[in-house]
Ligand code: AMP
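So this first bit is one chain, no partners, the form predicted on its own, shown in structure tokens.
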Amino acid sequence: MMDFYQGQEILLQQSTCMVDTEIVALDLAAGRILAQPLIAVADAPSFDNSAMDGYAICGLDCPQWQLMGTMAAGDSQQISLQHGQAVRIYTGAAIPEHTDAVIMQEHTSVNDNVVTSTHTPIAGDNIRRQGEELRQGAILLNKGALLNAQAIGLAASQGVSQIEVYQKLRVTVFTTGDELVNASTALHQHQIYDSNRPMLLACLREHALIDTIDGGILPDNLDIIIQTLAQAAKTSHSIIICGGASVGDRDLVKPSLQQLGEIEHWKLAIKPGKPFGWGKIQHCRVLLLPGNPVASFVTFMLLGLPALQTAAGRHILQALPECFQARAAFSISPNRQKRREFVRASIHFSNNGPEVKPLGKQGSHMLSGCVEAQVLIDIPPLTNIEHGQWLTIYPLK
């Protein structure tokens, strides 16, 4: 079986962009993926301006300066200072000609229109120079960038009102199994409510770059599964199938996909989630998720969602799940687990930095453990864990 990180790399490389582009208003672009580099059309700042409320002065060697007027942000007046002169200036206001520095208001006193400084000014103090952040022609955002709130603000600062983005990725979600019923249906003996599909649809709907389609529950019937998947592949960029991909006699998703298209990879050396795989039906990409709820959630967050984001046009490195380091507040010795394990855990912060500790509910069917968990801890196979050791963790948002 393939290791998690090798599988993740291959999956993302195969998840090439599947969508065309469109022009949308900037105020509707949040959460979408940029389809062309965004270039600065003007310097930022576009003119020299004050970084502080205070006094713009001419003459660093002067003991005092004669106050000549006031400059506020947005003022269009033109002022040229002479040696020994100053103007009252507010943050964001254009710097008068011949200004040597801006003295912070807190460092001054004013009597009879004469400004005195309690600090020796230095040339260029508190002046934002034209173009010090960005020069005209610079790349503001690269193609494939997620248009988060910061990116929207940056685009707006350049006067952008419309922007080219990738169209939304259409994703159909199925669960499989005769034992599953919808929450609105009465349970019969040995049936269970379908939790995976509502969970996955909820995860997907948090992302503006994806359009979701609820495919429903597939019965354990090969012909129906083949017919339903073939139809869904015609209208979807990607299909998620949760369950039915293991090796049991009633696990019919794998043979269905083999008849309709191909399985490009199946099984990873991870716990939970070993049956995870992927393939395609013609041009439609297919993700095979385990049926156990925790395994389904973990593999979707660490593998499925990054693959979908990449297929929606997001840059591969940006699509990788966020991770950081934390110290182990536990130990495992000996570690006989032969698969990489992602353990649900809580995190707290101490004087030694972030520390993580596994929760008690680690069964792949125990979805309540995912609700309580704040992070997933990456436990490498056959590797002992010592108390205080730094480990890779993945936040659960």
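These figures come from a predicted structure and were not determined experimentally. One rule holds for the numbers: they count along the sequence shown, beginning at 1.
One more form of this protein, predicted together with the named molecule, exists but is not displayed; see below.
Does any heavy atom of residue 176 come within 4.5 Å of a heavy atom of the named molecule in the model of the complex?
-> Yes - in the model of the complex, heavy atoms of residue 176 and the named molecule come within 4.5 Å of each other.
Is there a heavy atom of residue 228 lying 4.5 Å or less from a heavy atom of the named molecule in the model of the complex?
-> Residue 228 lies outside the contact set for the named molecule.
Please check if residue 162 has a heavy atom lying within 4.5 Å of any heavy atom of the named molecule in the model of the complex.
-> Contact with the named molecule, no.
At the 4.5 Å heavy atom threshold, is residue 185 in contact with the named molecule in the model of the complex?
-> Close contact is absent here: in the model of the complex, residue 185 is far from the named molecule, nothing within 4.5 Å, heavy atoms only.
Which single stretch, out of 77-85, 238-246, 117-125, 149-157, brings residue heavy atoms within 4.5 Å of the named molecule in the model of the complex?
-> That would be 238-246.
Quick one: in the model of the complex, does every one of 322, 326 and 355 get a heavy atom within 4.5 Å of the named molecule?
-> Per the other structure, none of 322, 326 and 355 touch the named molecule.
With the named molecule left out of view, choose which of 93, 301, 180, 307 has a non-hydrogen atom within 4.5 angstroms of it in the model of the complex.
-> Answer to the contact question: 180.
Go through 99, 196, 256, 172 and name the one with a heavy atom inside 4.5 Å of the named molecule in the model of the complex.
-> It is 196.
Listed by sequence position, which residues of 283-320 have a non-hydrogen atom within 4.5 angstroms of the named molecule in the model of the complex?
-> Read in sequence order, the residues that approach the named molecule (within 4.5 Å, in the model of the complex) are 290, 291, 292, 293.
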